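One chain follows as structure tokens, the form predicted alone.
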């Protein structure tokens, strides 16, 4: 019998991508497709790629608590309340928001508020204990995810940046990590915004959120935890590019004395040799966002600049795939004891 799951926030881009993926999953059935302001409306009025009579449900915590798993694709405010409620009821949750990605101190610093459910926030060292949230980055935390009840899905920018940086962290000079990342407009959500107006975005490229974008804290914290050492402050600047989906993160870091290009390539290759969704490209070959559209794949490559003694690490993903819904489904598979690749592919739609 298939697992009964719910998607809350299904009227957003991350939520509807989840609906598309879960509808094709052989071991999951979507029992609840919940949205706040769109409750009662047909799904295909917003998303013509999903034709049929299905309508958005109202959000009912008691109904959701009876399911085998719930995906939360809401902003972090609603997720803090509903995610905590469901976790306390014992319902497995994969949360795509930032509600449970950081320990309480980090959450207060980067989100400007005290965490309302500190007993559910992750441990500072990333270990899983009690009912605390697990950081759902399967390539580096799958064993923690398997034993969790509440999983915090990483942000889109942190997923790409950390994929490239975590295996190389032991090779870096502390205090030298700089990340330049660019995302398609779907990363900003479906809500109408003047900055996302077609006439403004078309032909434009703009930085935003620097120097205090909230994903900076997530990247710094989990790079230290998963990379095994504190590398100090990270400089992170995101950019908006005029395409619907896709994300590219180019990171720079100083290399410790004696580290060679072969050391860099070997570290990446050994970290991801058996990973079904991460492709390590040869040095000098760079990832393409288009090659990953619609997939849960990540491409990563690194080149060493001997003149500056810096490494350049580039990682690409679909920001709605591995950067959101695809990774959430990967985490759900782990939570439910399924093969984590079920219902997912690393192969993008190309051209």
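Positions refer to the first chain, counted from 1. This one's a predicted model, so the numbers in the text were calculated from it and none came from an experiment.
Missing here is the form predicted in complex with another copy of the chain; even so, the following discussion is about that form.
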| property | result |
| --- | --- |
| Region of this chain that lies against another copy of the chain in the predicted complex, out of 58-66, 282-290, 28-36, 322-330 [heavy atom, 4.5 Å] | 282-290 |
| Another copy of the chain contact in the predicted complex: residue 132, any heavy atom under 4.5 Å | no |
| Contact of residue 248 with another copy of the chain in the predicted complex (heavy atom, 4.5 Å) | yes |
| Another copy of the chain contact at residue 300 in the predicted complex, heavy atom, 4.5 Å | no |
| Contact of residue 124 with another copy of the chain in the predicted complex (heavy atom, 4.5 Å) | no |
| Contacting member of 207, 271, 108, 261, with respect to another copy of the chain in the predicted complex [4.5 Å, heavy atom] | 207 |
| Contact residue in the predicted complex, chosen from 225, 201, 255, 80 - any heavy atom within 4.5 Å of another copy of the chain | 201 |
| Those residues of 304-330 which, in the predicted complex, come within 4.5 Å of another copy of the chain by heavy atom | 304, 305, 307, 308, 310, 312, 314, 320 |
